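First comes one chain, alone, set out as structure tokens in the form predicted on its own.
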């Protein structure tokens, strides 16, 4: 049966029927062949191997059924030349296995690119947990089961992927992951971790906006109009940053009334025009301004929304903003819109937590160097480098950022180069996916 187009729940039951609780799809480094752990995985392996958009010789995609939670857990590893794969675990709803796996493929590659452009010695990784439609995912007991299961999953993967916080996951959830594995970052500060990265992420995106304005010769953010899709955690702090830079107006759309009200109540004096909209309302894309900030879901820049954009810059906090990286980057370029790739602008979440193992200090220079105007690998200088390289080579900024990121991604970690691939090879050879059968 071809499970690629089936629901994640159908896939879960297929694994159970085959008496499996672990499975994988890996790329064999010697041949480049995409290999499935079991026959039930073959249709998924074939679909991944035949994909030319989201699959880029990923080292592995791993799946496990949570023993306590009965959810499908996954981890996706792109390249690990620079170090172990690192990136957050997303807790989200998916209609099909294709949607589920594609998200992991896209996000893990994006994390590898983000880490490389930031100069971090980490590879690209992403965790994805598929929500089940018949469960109350606000239930503390169920969340405990899911995230402790995910920690056990990380422990079983032996550190080829290091997880962290992402969409749908909270710092408290990361504490639960930490209770069953050491292979995680973004744990709460009370456990010696780095805590909530939203503040730094917001600052980093605003710095990228400033670099884009500088490149276009449009001055600073003072007096400018910033249009935001989404007024969630990162946007909340972005409003503060923009207010401090004396923007003229912020126009925001949000589907969650509580989130919208939190922004208005937290910053009552900010020049914010906040609108509550339905989930399918995309009218915010047609608002006139200077910068458009996609701060909500991914794949939101596409043939429907791009023609609506009325700003000269697109720069936001959401991951994987382009539905099709090449097609949509070209479309923005053709319209004269300077697109700041998300993996260039929104790095500060991973920067905040990537090196927790090396201790912490106030105003850490290793973190704040990413936000200054002088550091070559900082957001401001790196953005200008990408814009200038793209102009010189006749590429879009998204293409040029990807080329540069891939070049940097292949640099070997000075001590642990390709350690993740070695661990994956060990997992395959040691029979990780055989495990004990589900009963």
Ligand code: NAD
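Here the structure is a predicted model, which means the values were calculated and not measured. Numbering follows the first chain given and starts at 1. We call the rigid core whatever largest set of C-alpha positions still superposes within 1.5 Å between the two forms.
What comes next is about the form predicted in complex with ligand NAD, which does not appear here.
Chemist: Only one of 331-339, 180-188, 231-239, 141-149 has heavy atoms within 4.5 Å of ligand NAD in the model of the complex; I'd like to know which.
Modeler: Going by heavy atoms within 4.5 Å, the stretch is 231-239.
Chemist: Do heavy atoms from each of 201, 279 and 318 fall within 4.5 Å of ligand NAD in the model of the complex?
Modeler: Checking in the model of the complex: 201, 279 and 318 are all within 4.5 Å of ligand NAD.
Chemist: Report yes if any heavy atom of residue 110 sits within 4.5 Å of a heavy atom of ligand NAD in the model of the complex; otherwise report no.
Modeler: No, residue 110 is distant from the partner.
Chemist: Is residue 104 one of the residues lying within 4.5 Å of ligand NAD in the model of the complex, judged by heavy atom distances?
Modeler: Residue 104 lies outside the contact set for ligand NAD.
Chemist: Report whether the minimum heavy atom distance between residue 296 and ligand NAD in the model of the complex is within 4.5 Å.
Modeler: Yes.
Chemist: Answer for residue 176 alone: is it within 4.5 Å of ligand NAD in the model of the complex, judged on heavy atom distances?
Modeler: No.
Chemist: 162, 211, 322, 253: which sits within 4.5 Å of ligand NAD in the model of the complex by any heavy atom?
Modeler: So the residue touching ligand NAD in the model of the complex, by this definition, is 253.
Chemist: Tell me, which of 274, 306, 259, 118 has a heavy atom within 4.5 angstroms of ligand NAD in the model of the complex?
Modeler: After the contact test, the surviving option is 259.
Chemist: Any residue of 176-197 with a heavy atom within 4.5 Å of ligand NAD in the model of the complex counts; write them all down in order.
Modeler: Residue within 4.5 Å: 197 only.
Chemist: Using a rigid core superposition, assess whether residue 231 undergoes a CA shift of 2 Å or more between the shown form and the other one.
Modeler: Yes, the C-alpha moves 2 Å or more.
Chemist: Any chance the CA of residue 280 moves 2 angstroms or more between the shown form and the other one, core superposed?
Modeler: True for residue 280: a C-alpha shift of 2 Å or more.
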